[in-house]
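Take a look at this single chain in structure tokens; it is the form predicted on its own.
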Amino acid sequence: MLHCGIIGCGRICPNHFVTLNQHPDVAIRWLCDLQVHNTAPFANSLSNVRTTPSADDVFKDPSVDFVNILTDHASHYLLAKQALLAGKHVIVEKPFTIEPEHARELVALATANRLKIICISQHRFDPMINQIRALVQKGKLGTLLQINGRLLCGRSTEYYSESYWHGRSAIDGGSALINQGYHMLDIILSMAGIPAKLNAYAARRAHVDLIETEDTISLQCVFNNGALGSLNITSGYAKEEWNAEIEMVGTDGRIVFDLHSPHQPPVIDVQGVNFSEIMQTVTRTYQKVGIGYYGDLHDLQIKDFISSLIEDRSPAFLPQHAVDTVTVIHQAYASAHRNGFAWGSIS
């Protein structure tokens, strides 16, 4: 039996808690949150669990095998480092860290101590997306011409005003890209690789008095295979909804899919590819967990991580890929700043 501790009991916690609580080889021993009352909804369904506002209590417990770090972005690095130094395996919510050098340090530290660490990139475990990626890698689209992503979402005033860190540049590390658009970028990179060239423009137009960071950002990329790409994100839409579309166009076909609508059928217009056969291979029962657009894919990645501990193998998603995603985000913000965007202040 593996024992774990959850550090951070906020919006994303249900997506981790459900899988851990239902897993036959895992027992949740600690629930930790700076506001310890946030642990109550989860602790009430458990027996033999302890709650605390201090992560040190979790790290000092020799019975804890791994921890799930679900806290604000800026704290990921130090908490993950403390966990590794305490001999714990680590699951970190996205983004891995804010700074690329911190992400590289965590990977090196885990390797040196023969520990496993992963960053949550649950959409890389989506059976539909994996089928689409296989089509691209097999050259079914012919020469890849473009890969474009568009995320239209809305964040309410309360989302920012009721949080101590959302929209704060030093803690959030950004907004529209590193927070709302992280998974969009991550999946594009999984399809096309790290861009050879990248240019970005950012703006703060909808949440001017609420955030220090960007609510709208546009990336333009040239990939190593010569394909062009773009990623356009705004969190300033009036309605709190999600429309996360990725389109890939090649000389022999086109594929369009929505990242944040779990199991919504994609558009596959590729000669010789049978759409219905692909969908039959990716069918799975959708279990609504937490906030609707978060989907249920955390379950697949967390279960793979637990299996990797039991079987003493590498996780299916290697942390180096998360390092790459953080690196590209860092490059995009650097480009946006060179192009005139600056972090602001909250009035």
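All residue numbers are counted from 1 along the displayed sequence. This is a predicted model, so every value here is computed, not measured.
As for the form predicted in complex with a small molecule, it is not shown, yet the points below apply to it.
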task = May I ask you to choose, among 183, 204, 168, 89, the residue with a heavy atom within 4.5 Å of the small molecule in the model of the complex?
result = 183
query = Out of 43, 34, 27, 318, which one falls within 4.5 Å of the small molecule in the model of the complex, going by heavy atoms?
reply = 34
query = If we take heavy atoms and a 4.5 Å cut-off, which stretch out of 204 to 212, 188 to 196, 116 to 124, 229 to 237 is in contact with the small molecule in the model of the complex?
reply = 116 to 124
inquiry  = Please determine whether each residue of 9, 73 and 298 possesses a non-hydrogen atom within 4.5 angstroms of the small molecule in the model of the complex.
reply    = yes
request  = Give a yes/no on whether residue 95 approaches the small molecule to within 4.5 Å in the model of the complex, heavy atoms considered.
outcome  = yes
ask   = Does the 4.5 Å heavy atom contact test between residue 308 and the small molecule in the model of the complex come out positive?
value = no
Residue 246 within 4.5 Å of the small molecule in the model of the complex, heavy atoms = no
inquiry  = Using a 4.5 angstroms cut-off on non-hydrogen atoms, would residue 51 count as touching the small molecule in the model of the complex?
reply    = no
